[in-house]
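Before any questions on how it binds or moves, here is one chain, the form predicted alone, in structure tokens.
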Amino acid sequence: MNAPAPLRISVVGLGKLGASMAAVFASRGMHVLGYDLDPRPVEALRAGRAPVQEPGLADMIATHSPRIDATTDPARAVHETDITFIVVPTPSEESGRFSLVHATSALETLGAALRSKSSYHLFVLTSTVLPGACRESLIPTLERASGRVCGRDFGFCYHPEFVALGTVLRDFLRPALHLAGQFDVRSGDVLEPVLRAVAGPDVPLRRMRLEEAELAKVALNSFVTLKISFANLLGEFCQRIPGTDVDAVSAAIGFDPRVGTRFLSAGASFGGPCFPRDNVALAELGRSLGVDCGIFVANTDYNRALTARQAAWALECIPSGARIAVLGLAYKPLSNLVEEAPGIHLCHEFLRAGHAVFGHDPIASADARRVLPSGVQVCEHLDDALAQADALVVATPDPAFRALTPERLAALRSNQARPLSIVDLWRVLDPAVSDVPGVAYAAFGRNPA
């Protein structure tokens, strides 16, 4: 499953996705050259170390480091390789659209290097953009900077990855599909064997126009957020209907192949660096095209309001003056990112309600400290949070929290006279914890008869 021998890969941007992409290419036998303006990730890769935290990345880089090099010289990224993958930030603008400032800067630099290269080169953009960005802005930038013509002297593809932080390596190696927007057939023909080498021949590969791929990327993410919000809405229904459990309802409708079970588990609001902003961006795209995108606006509004409603419900379950520990401060398990994380918002809500607030996350504690107010104490260890809290709020379905078994809680409570309230937004804990003396347990989306 190796790529054709002549192909050499460069990866521009050595953050979480770029560094992981470089490692995955190397694991499939390709020779990879990473490029970044920041010398720190470059030095880390050259030393065989992971420049960022991502499960499994350090081991993969260490294992395949003989095939990985890195540089701060853009000329090397173009002249010593055949294909360049561009993985740079496209942050949201005030309007909600994606900024092309970093992508434009990178392509200006790479285009200047292309001026002195005589052979064909393929550029592949991975960063999320809206329809029209590649053809109307980024390809012309490359042509101006290089003095070359796309389709004749170089190729261009848009290949967004569908990966989640915390499982990036697995998602690269076993994707649900490959999406390849191509400027022309030749560009797609050069890209396809690389994608096949990474994930094998059986992964569906959809080759299409650039604009179609740009739209498909944000549309897929927005569709997933709609599914998440629908599941959470079912959870709110079950909160109010005696004797119902949202997991029974979602499992039943998930059996229908038109629905499916993925992303149909009620819980906290969706967060992170992609889902919220992609939904907003698609709504802004619709506005600019004259398309009614009220469905996306309503989804965003519902998601933003959900955390406040869940916080209010949690406070109904928690005694006045209780010390609250929020478990799960990242936007999802196995990640250290706290952007739009429900647990962070819950800490703010409980603090405003006058409670002493503690927080814990198996990975994201350091990042959480940087964004939480000084009134929230972040505990490095779960036991530290448990020792100080009168109430626990489980904000992410992190497997680490399954360690709060009835037996463990009973042992912890044996020396405690004060009661313990537990609010479980993801139904992570065994319902039998409610049988532990002194423990009151409430799960979102579950209303006992």
Ligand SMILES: NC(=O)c1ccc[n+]([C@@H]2O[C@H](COP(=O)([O-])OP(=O)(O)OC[C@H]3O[C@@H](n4cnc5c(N)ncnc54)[C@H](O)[C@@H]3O)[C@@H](O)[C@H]2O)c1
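For every residue, the number given is its place in the sequence shown, counted from 1. Bear in mind the structure is a predicted one, so any value in this text is a computation, not a measurement.
The form predicted in complex with the named molecule is left out here; the points below concern that form.
*Asks:* Out of Glu143, Glu236, Asp82, Glu161, which one falls within 4.5 Å of the named molecule in the model of the complex, going by heavy atoms?
*Replies:* Comparing distances to the named molecule in the model of the complex, the residue within 4.5 Å is Glu161.
*Asks:* Scan Arg209, His102, Arg206, Arg115 and let me know which has any heavy atom within 4.5 Å of the named molecule in the model of the complex.
*Replies:* Among Arg209, His102, Arg206, Arg115, a heavy atom within 4.5 Å of the named molecule in the model of the complex occurs only for His102.
*Asks:* When the named molecule is placed as it is in the model of the complex, which of 192-200, 365-373, 307-315, 88-96 ends up with heavy atoms within 4.5 Å of it?
*Replies:* Selected stretch: 88-96.
*Asks:* State yes or no: in the model of the complex, is some non-hydrogen atom of Arg277 no more than 4.5 angstroms from a non-hydrogen atom of the named molecule?
*Replies:* Yes, contact at 4.5 Å.
*Asks:* Ser335 near the named molecule in the model of the complex, any heavy atom under 4.5 Å?
*Replies:* No, no contact at 4.5 Å.
*Asks:* Heavy atom to heavy atom, is Pro431 within 4.5 Å of the named molecule in the model of the complex?
*Replies:* No - in the model of the complex, heavy atoms of Pro431 and the named molecule never come within 4.5 Å of each other.
*Asks:* Closest heavy atom of Lys16 to the named molecule in the model of the complex, within 4.5 Å or not?
*Replies:* Yes.
*Asks:* Verify the flagged residues Val12, Tyr35 and Asp38 against the named molecule in the model of the complex: is each one within 4.5 Å by a non-hydrogen atom?
*Replies:* Checking in the model of the complex: Val12, Tyr35 and Asp38 are all within 4.5 Å of the named molecule.
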